[in-house]
Ligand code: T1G
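The chain below stands alone and is given in structure tokens; this is the form predicted alone.
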Amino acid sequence: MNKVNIAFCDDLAIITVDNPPVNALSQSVRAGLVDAIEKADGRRDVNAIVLVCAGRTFFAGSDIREFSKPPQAPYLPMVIERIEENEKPIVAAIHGTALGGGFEIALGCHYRVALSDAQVGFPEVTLGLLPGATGTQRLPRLIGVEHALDIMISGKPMDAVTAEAEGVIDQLIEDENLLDGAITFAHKVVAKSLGPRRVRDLTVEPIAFGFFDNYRKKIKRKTRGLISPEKIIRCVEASIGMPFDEAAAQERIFFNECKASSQSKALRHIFFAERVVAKVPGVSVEASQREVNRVAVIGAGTMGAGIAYSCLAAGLEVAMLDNENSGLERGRDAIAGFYEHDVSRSRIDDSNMVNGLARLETTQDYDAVADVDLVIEAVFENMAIKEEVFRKLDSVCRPGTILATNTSTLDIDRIAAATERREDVIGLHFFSPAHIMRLLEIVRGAKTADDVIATALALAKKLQKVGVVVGNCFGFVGNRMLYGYGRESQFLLLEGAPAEQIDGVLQEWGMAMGPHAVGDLAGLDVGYKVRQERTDLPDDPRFYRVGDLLVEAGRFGQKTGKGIYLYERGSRAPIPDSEVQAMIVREAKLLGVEQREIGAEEIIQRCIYALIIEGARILEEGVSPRSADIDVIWTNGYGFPRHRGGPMHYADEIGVQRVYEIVCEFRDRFGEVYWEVPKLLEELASNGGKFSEL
């Protein structure tokens, strides 16, 4: 089947692109477009051209898979140049999304019409790229420098109504079929002899002196460490200071530099990884799913309220159960607060809030959840309490109800053993705050049924989260790896690196927050209680010793105003505390740990390589089937920088052999208790392999 087809209607040529699922601008589509335009241009009876796409969307962007291959002509800038230079006016008819290269195609057309629910934009920055087919030159000419920069730097789309108001879209099609509306518009262009209107011929509106320097300062915090935002700014600067063709050539150079960068490779890796995690080895993509319309959440605390809100926002009915009426009141108030916040940010309207709260039921009676489709337990992280809850659920819930636990560390199979329906039990590990964080770690037990796993993946998608299926072990994937990362950050304290140095180095490297600031935010008492539950901790008095001392001194973190840092009333800004530093120095002396100056490179290597070797063990044991799954978990749940691709991709990027050498150095220096070399790491290093090849 041809991906690009041409038909003739009166004095118009209708070019239709049909390249499912999203009409990506692959080489065959680009070639087909040029060929179709040549055919239309060669006919004397054609006075205008309408470009439209079949399926659910206009061009949703370039074919990202081609970025890792040698480029093939016709290149996208050539296609857009051919469109724009055409003497017969070309009208782009937009529906769905016109993103990236698709938006550049539309901007190369002489006129643009769109359905009112369409969206346009440049998401390239999310892949470490910039609009590389003249987008950085065209958009400022239409909407001005600042708004164009905002759209390109954020990567967020613009709705068609706004685009029409700002002159990007010439007309909204509201009362008729898109193609019919585009044909009517094209006939008007011909009747009025309007001819082609080329964006390149427009001039960029003047800007204030110092604008670009101020803009750089404004975005500095959000774009910390990223390459492409600065390249985008320089391209837009060129749109003012250079002729169009020279600036477009400069844009292409910057685009190719970004495409070849490790950052873009990492971001493209995560883009594809987030799509492959839904394919679980051993579970058919066609596996049946159980219907989930009504959900019960057990526990009305912070986590329970966040889970309940996520389900309500997805249109589900929710029954929230708690032993205490006061807890239910707090939970309901928290959910109402989440709704009010989203209304204030214009994410939803008042009717969404009213309808959502109407679907929420609160109860202290287990019988009220007997007929739900799914139960999500979110009580204290204590095995005895969870076993008691699951025994009760097993006795009251109808057959076929999925029983899920939100545990972050505990044994799923032991929890399932408290029931007579182990096949119905699964882990749904939400990350805090549950209504915001994208990750959902789906933990399969030894007996978990395939249709329960498939249903959990479908639920994640419905909740607009990234669901990743993992095996059962202490901490699963994310928190199991976190222990090594946290252990090293704690050891570094005893060895002489202040908390603010460790946090600053890792944040500068790209982590969303430093490990000690994260601990204070999450609550140091949470990890302390989990460690109290464990029976397999190493016989090492240094292990999380600083964290234990802080909790035992009543310093739980932000919620008590004191953790490893101090917090002024109403502020989340961490303040280094000399009292804590003195405590660490005393404890190091008692433990016989010699304090010294520690450089940034050692801090990064010890914390990040600790993640990598634990990830290698997880792959060895089959807890995670792919290194990409680990990367998705860490970039979506733990603030690992997306532009580094996740810990396993990062290991591949710097070289598994190099990682192996450094781990061996740490083993020889610190001992095998924590730095024993995983067999998988040694094998890959000796064979020149990569984690991504597994």
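Residue positions are given as counts along the sequence shown, with the first one as 1. Quantities reported herein were computed from a predicted structural model and do not represent experimental measurements.
Although not depicted, the form predicted together with the ligand is the subject of the following passage.
Remark: E653 does not count among the residues lining the ligand in the predicted complex, judged by a heavy atom distance of 4.5 Å or less. Residue contact with the ligand in the predicted complex: G637 places no heavy atom within 4.5 Å of it. Interface residue remark: D35 is not counted as part of the site for the ligand in the predicted complex, having no heavy atom within 4.5 Å. Contact annotation: S62 falls within 4.5 Å of the ligand in the predicted complex, judged by heavy atom distances. Against the ligand in the predicted complex, the set L99, L130 and F271 is in full contact: each member has a heavy atom within 4.5 Å. Screening 639-647, 655-663, 42-50, 65-73 for residues having heavy atoms within 4.5 Å of the ligand in the predicted complex returns a single hit, 65-73.
Checking R359, K589, R275, K529 against the ligand in the predicted complex, a heavy atom within 4.5 Å turns up for just one residue: R275.
A heavy atom within 4.5 Å of the ligand in the predicted complex is found for exactly one of L680, L12, V22, I15: V22.
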